[in-house]
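Okay, here we've got a single chain as structure tokens, the form predicted alone, with questions on binding and movement later.
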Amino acid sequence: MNIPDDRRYNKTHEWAQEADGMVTVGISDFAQDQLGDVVFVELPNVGQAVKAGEAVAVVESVKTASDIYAPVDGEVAEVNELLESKPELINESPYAEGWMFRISAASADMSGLLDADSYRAVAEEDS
């Protein structure tokens, strides 16, 4: 299970990586593996205000559909439009090309999210 140390995680399996007040969000390698082949992604609208813990996107796979939760408060600044035509990027590259959206964060404080070791424990419990 690939869980990079350079980002933070929600217990609901989203990852978040902050740089200069912009938080990039995707789902973990564990989550994409549990979902199976991703066939559709519904992304939030650019400019949409989001609150931490709020469902803002949906990922549909051959097995199920899952809500994707915002890890921080802020405003959606960008979405990965490539996912509309290539949702499989979430399976192929969950931490790079498969990112889902970027939030202009209200605060750079991500202390409410899990570090890699804590998330690894959550993923092991859920497997």
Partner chain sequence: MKYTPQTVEDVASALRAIGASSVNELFSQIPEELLDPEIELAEGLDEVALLDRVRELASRNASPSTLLGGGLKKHFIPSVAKHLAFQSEFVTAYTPYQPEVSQGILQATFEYQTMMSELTGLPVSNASMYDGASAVAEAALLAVRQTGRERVIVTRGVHPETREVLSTYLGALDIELSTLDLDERLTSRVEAVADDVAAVIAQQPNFLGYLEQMDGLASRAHASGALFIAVADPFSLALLKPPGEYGADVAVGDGQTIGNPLNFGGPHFGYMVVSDSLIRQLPGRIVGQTTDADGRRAFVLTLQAREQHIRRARAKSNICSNHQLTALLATINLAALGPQGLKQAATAAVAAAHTLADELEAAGYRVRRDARFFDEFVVELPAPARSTVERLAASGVQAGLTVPAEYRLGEALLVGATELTTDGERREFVSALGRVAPVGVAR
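Since the model is a prediction, treat every value here as computed from it, not as a measurement. Residue numbers count along the first chain shown, from 1.
Beyond the structure shown, there is the form predicted in complex with its partner chain, which is absent from this document and is the topic of what follows.
- Using a 4.5 Å heavy atom cutoff, none of Q48, D73 and D109 lies near its partner chain in the predicted complex.
- The shortest heavy atom separation between S85 and its partner chain in the predicted complex exceeds 4.5 Å.
- In the predicted complex, its partner chain sits within 4.5 Å of a heavy atom of A65.
- Residue contact check for A96: none of its heavy atoms lie within 4.5 Å of its partner chain in the predicted complex.
- At a distance threshold of 4.5 angstroms between non-hydrogen atoms, E60 is in contact with its partner chain in the predicted complex.
- Contact annotation for 37 to 59: residues with any non-hydrogen atom within 4.5 angstroms of its partner chain in the predicted complex are V39, F40, E42, A55, V58, listed in sequence order.
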